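One chain comes next, on its own, written as structure tokens: the form predicted alone.
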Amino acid sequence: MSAKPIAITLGDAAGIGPEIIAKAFRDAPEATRGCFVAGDLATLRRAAGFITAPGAPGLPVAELEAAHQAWDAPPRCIPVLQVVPARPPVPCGQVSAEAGRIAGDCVLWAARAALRGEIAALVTAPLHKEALSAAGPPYAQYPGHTELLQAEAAGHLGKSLSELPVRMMLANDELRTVLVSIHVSLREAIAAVSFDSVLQTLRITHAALGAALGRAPRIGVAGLNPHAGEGGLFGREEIELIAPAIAAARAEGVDAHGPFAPDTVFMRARAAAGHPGEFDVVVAMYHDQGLIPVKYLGVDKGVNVTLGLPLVRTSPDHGTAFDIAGSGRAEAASLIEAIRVARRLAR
């Protein structure tokens, strides 16, 4: 286990992020040991109140002066490092530029701390993309966490964005999937399927997952079109772009196979008790193609991992859930799993 602490960023303070963070520290003390919240004390104190039954003892929230003090926090206590200016909590369930800026500032602080080597990993609670955009510069230019972290890491390394390609992997106990494109329109996602983008995704997946598994991963590749194009009848991207990229990756030693029909490859890769999947991971051509199968199998255990960054970043597999924010009903299982995955990857 890394001796450095793990930062959990606040997420959108108007959403369920603070509540699930509070539940994680309350319900999973073994997972959250050595973790702290990069966020806001008042928001976490309010969240602790949301999950405490009337008349029950309150969940303690402790202010840290430095990140390393997280190891000294007692179990079932929420250690918080105030990384944004103190202010009253924003209203729950409402999109606001203020909440977007707070969320962005927390991520930026944690990213920089990770790049300086001060923390072992960051686990990001959900932010709201509309609120992040409303916050204005510099956050309005980033569709989400992934792009913000990529830009910050590239700047730290003195590289251009093209020199630091990243990919999103969503994983649970049964299935892993890596995406060729992330947060773009479907029209743009189709245009983003190219020989270079598929080959780059295969290289990143091979390197990152291989390091995590300790062996070369077996990669199944989904086609773009129905039935993977049916020999060109339903589209030629598989013939002209995807299959050549797979062949090039295989020539480099990547254990990639396909392209396979998108409506069956995820079933082939799914692992069950006593029955490992045919593939360790599926490379999907666009966001919903890859994420719908994983989320259908259970949001409560899904974890988002950003591949290609010079730091460890994980997050839960769900959004801000403004409709239930402040009710104390949100489940923390995915966040707890994200913390556990971050700890394993940070070793």
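Residues carry their position along the shown sequence, with the first being 1. This one's a predicted model, so the numbers in the text were calculated from it and none came from an experiment. Rigid core (definition): largest C-alpha set, two forms, superposition within 1.5 Å.
Although not depicted, the form predicted in complex with a further copy of the same chain is the subject of the following passage.
Undergrad: Within 4.5 Å, heavy atoms only, which of D72, E98, E147, E230 is in contact with a further copy of the same chain in the predicted bound form?
TA: Spelling it out, the residue with a heavy atom inside the cut-off is E230.
Undergrad: Which of M267, A211, L157, A247 has a heavy atom within 4.5 Å of a further copy of the same chain in the predicted bound form?
TA: Here the answer is residue option M267.
Undergrad: Quick one: find which of 82-90, 199-207, 114-122, 173-181 has residues within 4.5 Å of a further copy of the same chain in the predicted bound form by heavy atom distance.
TA: Selected range: 173-181.
Undergrad: Does G298 reach a further copy of the same chain in the predicted bound form if we count a contact as any heavy atom within 4.5 Å?
TA: Residue-level check for G298: yes, a contact with a further copy of the same chain.
Undergrad: Do P226 and a further copy of the same chain come within 4.5 Å of each other in the predicted bound form, heavy atoms counted?
TA: Yes, P226 sits close enough to a further copy of the same chain in the predicted bound form that at least one of its heavy atoms falls within 4.5 Å.
Undergrad: Consider Q289 of the chain shown here, and say whether it contacts a further copy of the same chain in the predicted bound form, taking contact as heavy atoms within 4.5 Å.
TA: Contact check for Q289: yes, within 4.5 Å of a further copy of the same chain in the predicted bound form.
Undergrad: Although a further copy of the same chain is absent from this view, report whether P262 comes within 4.5 Å of it in the predicted bound form, heavy atoms only.
TA: Yes, P262 lies within 4.5 Å of a further copy of the same chain in the predicted bound form.
Undergrad: Do any residues of 60-76 have a non-hydrogen atom within 4.5 angstroms of a further copy of the same chain in the predicted bound form? If so, which ones, in sequence order?
TA: Not one residue comes within 4.5 Å of the partner.
Undergrad: My question is whether F322 is one of the residues whose C-alpha shifts by 2 Å or more between the shown form and the other one, given a fit on the rigid core.
TA: Where the cores coincide, F322 shows only a C-alpha shift between the shown form and the other one that is less than 2 Å.
Undergrad: Is it true that T306 shifts between the shown form and the other one by 2 Å or more at the Cα, once the core is aligned?
TA: False for T306: its C-alpha shift is below 2 Å.
Undergrad: After superposition on the rigid core, does the Cα atom of D27 shift by at least 2 Å between the shown form and the other one?
TA: Not so; D27 is displaced by less than 2 Å.
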